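Only one chain is given next, in structure tokens, and it is the form predicted alone.
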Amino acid sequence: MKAETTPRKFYELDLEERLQEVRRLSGLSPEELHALAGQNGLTAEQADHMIENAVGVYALPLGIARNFLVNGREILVPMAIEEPSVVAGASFMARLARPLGGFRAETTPPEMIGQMQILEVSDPQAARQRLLDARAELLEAAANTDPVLKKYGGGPRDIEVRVLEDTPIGPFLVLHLIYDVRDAMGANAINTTLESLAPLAARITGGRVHLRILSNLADRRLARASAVFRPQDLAFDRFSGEEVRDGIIAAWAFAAADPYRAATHNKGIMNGVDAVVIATGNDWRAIEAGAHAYAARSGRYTSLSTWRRDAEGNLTGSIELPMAVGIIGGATRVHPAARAALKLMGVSSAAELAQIIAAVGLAQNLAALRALATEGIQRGHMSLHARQIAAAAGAEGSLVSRIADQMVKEQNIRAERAAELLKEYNQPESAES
């Protein structure tokens, strides 16, 4: 009788086997699968239509984070990132979240803010009031700018006006156009609408409209995610679940209280967030800018996440940050791999994509905190870092793992040592006498 073989884990499969497993789980076409694999992704010709002075394309490793259960739905999450341990860390924390229901996530309406700077106003407060009195006229004019968004239920929602008094050039007005952009990121729609409103705003105020641009502090377009973790699932090696839980809370408290620590803490969150944003063809610079500005909204830069102990002794985590992502327009429409990534995730709205991204950010935050609060961050990075060093030294195939394992064993992960081992392992075996 043939012995049963234990199914291999996803990370134990080779590249082609992983692709076939992704195809089995997602139903992607061969063409979409090849786009994810970089075999028929963005071409130099396509890139030439996207940016100026294009000379080619630049690739990043694309991994698939597993185990994510978000609002009761199984998600395969594409992540484009060059840093070791991020995909594995997010996947592992997603698995630990599953016993108590996985991640719960939500978003606020997809409202973005367009800003209009109005200079040379003789009486700023009176001009502000005239703009507010003309709210209906301004909103009606804005609503006619983008009939497509209007058709799908989007469009202008409100007008806000501020007077900035203490500036280097004296007082001026700032008009905020609150605009529901539905499943788009929204930059083009908002900027176009602001341009069309500028003459009307100038006539109402008697001033000169200067800048007309969206704000990347999308604090009306938030994504939130939360999860609960049992202490016993957090335990490993010599560390008990309670020790790990309390260590994570203490590490978070450091970030909550100190901006120097918070910057690195939030960078860890963005390791997960940015990787999904890039994989789906969205603007990761806009997401970064909005997240860090939001972290400083109180006047002091602090953590984007919160970690606490609940009444049952479980670890609870939550995150809230601006998430201006889209599933239509821009690179999401042009880039074949971005289109395949969105299909892989099975998202039908920008809100759903934002919820998944927030969950990934929370998972990656927990992975970093768990490592920091116990064995230190380096051990988790060590094996993958060693593989990178071995490959950079010229190792190929099975020699990459062999050299990496030896360097980890020696705790000597250096380019010089990799080169020595490569030379040693490439020496032909001496003939037997």
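Since this is a predicted model, take the numbers as computed values, not measurements. Numbering starts at 1 and follows the sequence shown.
Only in words, not in the display: the form predicted together with a small molecule, which the text now covers.
Of the listed positions (A250, L100, I328, A126), a single one reaches within 4.5 angstroms of the small molecule by any non-hydrogen atom in the predicted bound form, namely I328. Checking M79, L304, A142, A184 against the small molecule in the predicted bound form, a heavy atom within 4.5 Å turns up for just one residue: A184. In the predicted bound form, at least one heavy atom of R285 sits within 4.5 Å of the small molecule. Proximity of N191 to the small molecule in the predicted bound form falls within the 4.5 Å heavy atom cutoff. In the predicted bound form, V148 approaches the small molecule with a heavy atom inside 4.5 Å. Interface membership of I213, defined by any non-hydrogen atom within 4.5 Å of the small molecule in the predicted bound form, is confirmed. Note on the interface: of 268-276, 202-210, 176-184, 229-237, the segment with non-hydrogen atoms within 4.5 angstroms of the small molecule in the predicted bound form is 176-184.
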